[in-house]
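Structure 1 and structure 2 below are the same protein chain in two forms, each given by itself as structure tokens.
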Structure 1
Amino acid sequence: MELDAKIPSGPIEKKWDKHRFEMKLVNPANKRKFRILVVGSGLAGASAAATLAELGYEVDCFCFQDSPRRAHSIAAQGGINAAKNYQNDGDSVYRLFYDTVKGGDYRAREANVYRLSQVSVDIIDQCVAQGVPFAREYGGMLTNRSFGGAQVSRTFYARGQTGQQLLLGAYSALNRMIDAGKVTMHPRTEMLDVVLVDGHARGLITRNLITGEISRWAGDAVILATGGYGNVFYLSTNAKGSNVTSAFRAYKKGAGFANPCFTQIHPTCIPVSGDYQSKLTLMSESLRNDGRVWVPSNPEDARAPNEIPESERDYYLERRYPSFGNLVPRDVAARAAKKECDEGRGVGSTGLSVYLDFAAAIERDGRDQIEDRYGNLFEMYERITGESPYRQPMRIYPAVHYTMGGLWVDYNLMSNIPGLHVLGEANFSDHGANRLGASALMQGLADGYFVIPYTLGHYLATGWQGKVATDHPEFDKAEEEVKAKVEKLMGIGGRTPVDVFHRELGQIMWDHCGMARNREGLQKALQLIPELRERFWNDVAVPGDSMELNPWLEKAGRVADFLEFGEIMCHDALDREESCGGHFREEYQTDEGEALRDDENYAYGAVWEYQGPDAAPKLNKEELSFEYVKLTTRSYK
């Protein structure tokens, strides 16, 4: 596998401008001759589809939801980063770049991160022009708040529904292009394979989730913007429909999958309350601006939180990390919460939660101010738990949230398969081993609005292979493979529901490849997952018919992919004998329990290559160089 990152030469602050000038262009008249297939309609997919259509391309956009409006991007709560320095507190493009590389524990590609920081300032202007109702100061200026991993306020927000408001902006731009006839929207349609012609991505095979019809789509390039794979753990903050299928099917066609073990455990989630749950609920990281995290100093203290005096509380993040306090990065905060609970100081009926307390903030700023900032989040918490954060502390515990790994892409956001571009959470490029809060929305919109319109044109101007129709033999082959898999799932006739297998896989992953991993556990997982997969293919129950609405068939296909993908994650975690960011190997930690990196041997992107069924994947490496951010032990003390 060739991994040419295509990073432009020159000083980092000039790379993107230089590259934009040097890339080949497609003239406006010729853009109308090209058809682009965009899979996904969240922030990355909707912004890309709308922007490319605005430029003149013909675009087909596919989503498995009933509307692009339902993409999981709406679930993002706390904000979006941008280096505007409106607070005049020392922020800059370079500081955002530095914080992101450091926050990712030095496992991201510098050039991509700097570009992300550069275009962040344009994203806010774009979104304001679209009518996104960002919070404002009394005088009308946009306001900011702080997020973990930064000592400046650079996060723009719309109460606790920033993702929803940003998606409405992208959705309006997408609808405008649908109305203009430049985008054809295909809802309730799931991508089941990518079609390669002469090694280039030239089409898709999809299934209509209402009728079951299998269809072929030919285009001049393919864009995957399909989100992350956190639902491999079964319980996560992701929407239940979120899955790995599109990216995994591309992987099986030869696309490299990079750093799959880099998964983010968000520290601020509503704790698990029973075996009946099908997903978990995120409480925005923005709450850690005003909420103070603590546990009782005495592990045996069973009093209600309001009855425990200040002198008997341990504000452990403030104690352990005096510089950043409650605003340490997510991986640090999550491991710290786990440590407190493992040592017996957890609260609640399960002992698997810690307190997030707003009493001091309410006393300082007044209830009205806190309600203005977090009202919808407090309401959501109370509806789920029956407890009011205005009267008693929230209870929170870490949960699977974001995935930093994804399909490998070069500086142009193109995978190692020519013509296959990957945007947003579906790629690996910007966050290293840990994503800073409020940077997911930033990356999705940066990729869709400001990067892919340039780099896609360069591919079409330099690497395009000519028109391809759906009667090409490669489409025949891909469609036959998809139909054979559907028929195989429908023909098993087992007795065990799909969710039973998914839940068992999730437990294996959480126990052995979750917040903490070790060699013995990962080796055990690599033994258990194939056994579970064999049982799945012999006993999964898929009732109904394939030529109708059949959610069991949808789930079965996605879980089948998770059952293979989970193994790749474990291989990656086992091979990376260091701790960094969201990847915490228990064998590699400091005396204080912090991550212990091995920069001499593991400063690379681990890119896994498919080797066929029942064969271990092959490891390829993209070596990372750090010219502008010096490799140091990450410290937030």
Structure 2
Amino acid sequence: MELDAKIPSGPIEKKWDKHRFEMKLVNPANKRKFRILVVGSGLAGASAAATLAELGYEVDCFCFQDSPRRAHSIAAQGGINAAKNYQNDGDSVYRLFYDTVKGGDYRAREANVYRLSQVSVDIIDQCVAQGVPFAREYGGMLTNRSFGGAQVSRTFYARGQTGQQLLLGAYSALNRMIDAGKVTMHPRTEMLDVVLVDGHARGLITRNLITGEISRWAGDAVILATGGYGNVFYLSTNAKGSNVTSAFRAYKKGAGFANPCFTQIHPTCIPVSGDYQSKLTLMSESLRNDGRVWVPSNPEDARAPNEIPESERDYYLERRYPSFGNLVPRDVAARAAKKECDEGRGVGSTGLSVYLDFAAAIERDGRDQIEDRYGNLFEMYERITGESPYRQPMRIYPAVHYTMGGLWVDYNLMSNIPGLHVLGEANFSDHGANRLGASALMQGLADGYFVIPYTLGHYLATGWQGKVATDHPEFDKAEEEVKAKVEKLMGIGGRTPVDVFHRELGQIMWDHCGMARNREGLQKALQLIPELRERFWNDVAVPGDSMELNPWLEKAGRVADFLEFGEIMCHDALDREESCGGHFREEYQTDEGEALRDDENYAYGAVWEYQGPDAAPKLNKEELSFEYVKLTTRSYK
């Protein structure tokens, strides 16, 4: 596999400008002759589809939801970072770049991150112009907050619903282009394969989720903006429909999958309450600004939290990380909670949660202040758990939240398959081994609004190979494969519901490839997953018919892909014999239990290449070089 990141030469702050000048343009009159197929309508997909249509391209946009407005970007709560330095507190493009590379534990590509920081400021301008109601000061200026332990206030937010407001902004831009006839929207349509013609991505095979009809779409380039694969764990903060299928089909067609083991576990989620649990709910990270995390010092302590005296509580984050305390980054906080629970000090009926206590904050600032800051979060918590955080501490536990890994892309956001571009969470580019809070929204919109509109034109002007039609034999082949898979799933006639397999896969992944991994566990997982897959293909029950709305068929297809994909994650985690960011290998830790990175041997992006149905994937490496940010150990002591 050839992995050329195509990073422009020159000083980092000039690379993007230089590249923008050097890239070839498509004549405005010719743009309308190109048809771009965009899969996904979240922040990255909707912003890309809208912007490309504004430029004059003909765009088809596909989403499995009933409306593009329901893409899971909508659920992001906290905010979006931008190096505006409106607060005059020392922020700059360079500082955002530095923080992101460091926060990603030095496993991201410097040039991409720098560009992300550069365009971050334009995103805010764009969103405000679209009518996104960001929080404001009384004087009418935008306000910011410090988020996720950042030392500057660079996070723009819209109450606890920033993702929703940004997505509705992108959705409105998309609607405008649908209204103008430049974008054709295909909701309730799932991409089931990408079609390659002469090695270039030139089309899609989709299934209409209402009629079951399998269709072909030919285009001049394909953009995947299909989000992350956190649902491989079954329980995650992702939407129920979020899946890896599009990215995985591209992988099977030859696209490299980079760093799949880099998953982010968010420390503050509502803990699991029972076997029926279908999804985990995130509580905004901002809660840690005022809440104190603790567990009883004595593992046997079964008293109600309010009856445990101060002296018998262990505020373990404050104890272990005196300078950052409760505000340590996500990966650190999450692992610390797991450690306490593993050692038997967890609380709640399952023993899988820790307390997040607001008693001190309420005493200090008064209930009104706390209600003002967190009222809606407390309400949400009470709605789900039936317990009031005003009266007793919240119980929290980490949950899978975001996946830093994704399809490998070069500086132009193109995968190693020419014409196949990958945006947002679906690619691997910017967050390294750990994503900082409020950076996911930034990246999705940066890719869609400000990067792909330039780089796609360059591909069309230089790499494009002429029109293809859907009667090309490659379309026949791809469609047959898709139909065969659907028929196979429908024909198994098993007795076990899809969710049973999915839950079991999730448990394997969580136990062996979750917050902490080790060689033995990963090897075990690599043995368990194929067994489970085997059972799935023999005994999965897919009720109903394939030519109608059939949520169980959709689910079965997605879980079938997760059952293969989980293995690649384990291979990746096994290969990476170091601890960095969201990837913690128990064999590689300091005496104090902190992550031990190995820059000597593992400063690379691990890019996995499909080798056929029963073969292990092949590892390719993109070596990373750090010219601007010095490699140091992250310390939050």
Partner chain sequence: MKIKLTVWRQRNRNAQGAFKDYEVEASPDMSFLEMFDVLNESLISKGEEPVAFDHDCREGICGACSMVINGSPHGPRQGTTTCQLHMRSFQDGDHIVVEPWRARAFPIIKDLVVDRSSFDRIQQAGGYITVNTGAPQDANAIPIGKAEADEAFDYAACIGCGACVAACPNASAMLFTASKVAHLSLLPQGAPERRDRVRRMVTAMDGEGFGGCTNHGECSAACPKEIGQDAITLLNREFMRAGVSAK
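Only residues modelled in both forms are compared. Residue 1 is the first residue of structure 1, and the numbers go on in sequence order from there. Please read these numbers as outputs of a predicted model, since none were measured by experiment. Here the rigid core means the biggest group of C-alpha atoms that line up within 1.5 Å when the two forms are laid on top of each other.
Query raised in the report: With each form of the chain shown alone, which structure should be assigned as the form predicted on its own?
Result: Looking at both, the form predicted on its own is number 1.
**Report entry** Pro309: Cα shift of 2 Å or greater between the two structures (core-aligned)
**Finding:** Shift at Pro309: 2 Å or more after core fit.
Requested in this report: Superpose the two forms on their rigid core, then report whether the C-alpha of Tyr98 is displaced by 2 angstroms or more between the two structures.
Outcome: Comparing the forms between the two structures, which are aligned on their rigid core, Tyr98 does not shift its C-alpha by 2 Å or more.
Query raised in the report: Aligning on the rigid core, do we see the C-alpha of Arg107 shift 2 angstroms or more between the two structures?
Result: Arg107: C-alpha displaced by less than 2 Å between the two structures.
Query raised in the report: Once both forms share the same rigid core frame, by what distance in Å has the CA of Pro389 shifted between the two structures?
Result: Once the two forms are fitted on their core, the shift reads 3.3 Å.
Query - Where the chain shifts between the two structures once the rigid core is fitted, runs of at least 3 with Cα moving 2 Å or more - result: Runs found: 286 to 328, 339 to 379, 386 to 395, listed by sequence.
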